[in-house]
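So this first bit is one chain, no partners, the form predicted alone, shown in structure tokens.
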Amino acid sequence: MKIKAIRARVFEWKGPTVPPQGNFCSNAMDLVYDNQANRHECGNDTMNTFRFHGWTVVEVETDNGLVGLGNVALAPRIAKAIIDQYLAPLVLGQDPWDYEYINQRMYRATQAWGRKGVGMAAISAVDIAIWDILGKATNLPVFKLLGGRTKEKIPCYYSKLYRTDLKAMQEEAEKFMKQGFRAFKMRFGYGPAHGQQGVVENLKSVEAVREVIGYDNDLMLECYMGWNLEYAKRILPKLEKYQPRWLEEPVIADDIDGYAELNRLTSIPISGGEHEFSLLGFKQLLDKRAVSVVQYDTNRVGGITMAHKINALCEAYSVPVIPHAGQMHNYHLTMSSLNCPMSEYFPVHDVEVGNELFYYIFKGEPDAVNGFLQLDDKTPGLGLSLRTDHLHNFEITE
């Protein structure tokens, strides 16, 4: 079995979207004031650069007719160019069972420019597609190739509590608690740029959600790189009484020493890794005790080949892995690792931040039932196929 073709297409959403809201989610752009030199249609929406309304879909085809699906959400047009111009020539003609060799070939050939960010994300898409092929070739789900079932079903946490009106947040939390969810993640809407008033608003939002879900359910807090070290050190002691399961990405991803200082400072576990891209990058985080929970995304870290290694690395440090964003490439790794206790979960929803696009492009994602996800033992590969019923809402670049 040899790889005979690689096709990368960009799917850009042109359908209806939920309009941006102010203070929807703190993020790394909040600290950079807008001097209005290049105003655009998104206005003051600092989340604009973190919305993923385009996706690169990769199809890897073998000479015996198998087609594997991979995907990448970061900078999709650039990812497509990387795959077409740099990665495909390295992969064509290879045996997909030599996945370690193929992954190393892509990783090492792009060292000059691809070690972090979209270069690794493009590699991930190809690697994910190769694992989909391996599952289809053996008529087994991917998780069975990675170690098999380590849990009856996957617990998942509801992850769509963005900062909106407090009453609306409470109603949303209550709605999904009634659907069986026992864990919730909410976003802060304010950071250092908003002063003490923003601190008060952040505390009010945590208190409001805790009021609804109580203390017998888990609450996770996300900053999305929207704070800095000084601000985080001031607010963390005030958050401890709310007993969060973790505080996510309090500072920008490159501030590893800042993560480590915060992880030592507080009883609240600090989590991160969504914006880390390599095995050695995670080793640095672990060596510095910078995070107590690792949250890689398989379609950013080099694919399933590398994510499987990161799982093993984290297990050796007794640091749990809870991958970012849900989605099937992550679910298979979570099912196959005892060190992955739960999954993130976004319900099917109108297109907003962009995580929702996965549901509009692919079919086969499991729905959560009473706060759990299930993977089928008899569905080969990732269990995904391309949808056709939403194609009219996409502009597709071949």
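Start at 1 with the first residue shown and count on from there. Values in this document were obtained by computation on a predicted structure and should not be read as measured data.
Just so you know, the form predicted together with a small molecule exists too; it's not on screen, but the next bit is about it.
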* Any non-hydrogen atom of residue 218 within 4.5 angstroms of the small molecule in the model of the complex -> no
* Asked: If you check in the model of the complex, is residue 359 within 4.5 Å of the small molecule, heavy atoms only?
  -> no
* **4.5 Å heavy atom contact, residue 162 to the small molecule in the model of the complex** => yes
* With heavy atoms only and a cut-off of 4.5 Å, decide whether residue 107 touches the small molecule in the model of the complex. => no
* Kindly indicate whether 187, 224 and 274 are, all three, within 4.5 angstroms of the small molecule in the model of the complex, using heavy atoms. => yes
* Structure fact -> Here the chain appears without its partner; judged in the model of the complex, the stretch of 361 to 369, 66 to 74, 347 to 355, 53 to 61 with heavy atoms within 4.5 Å of the small molecule is 347 to 355
* Out of 25, 10, 384, 375, which one falls within 4.5 Å of the small molecule in the model of the complex, going by heavy atoms? -> 25
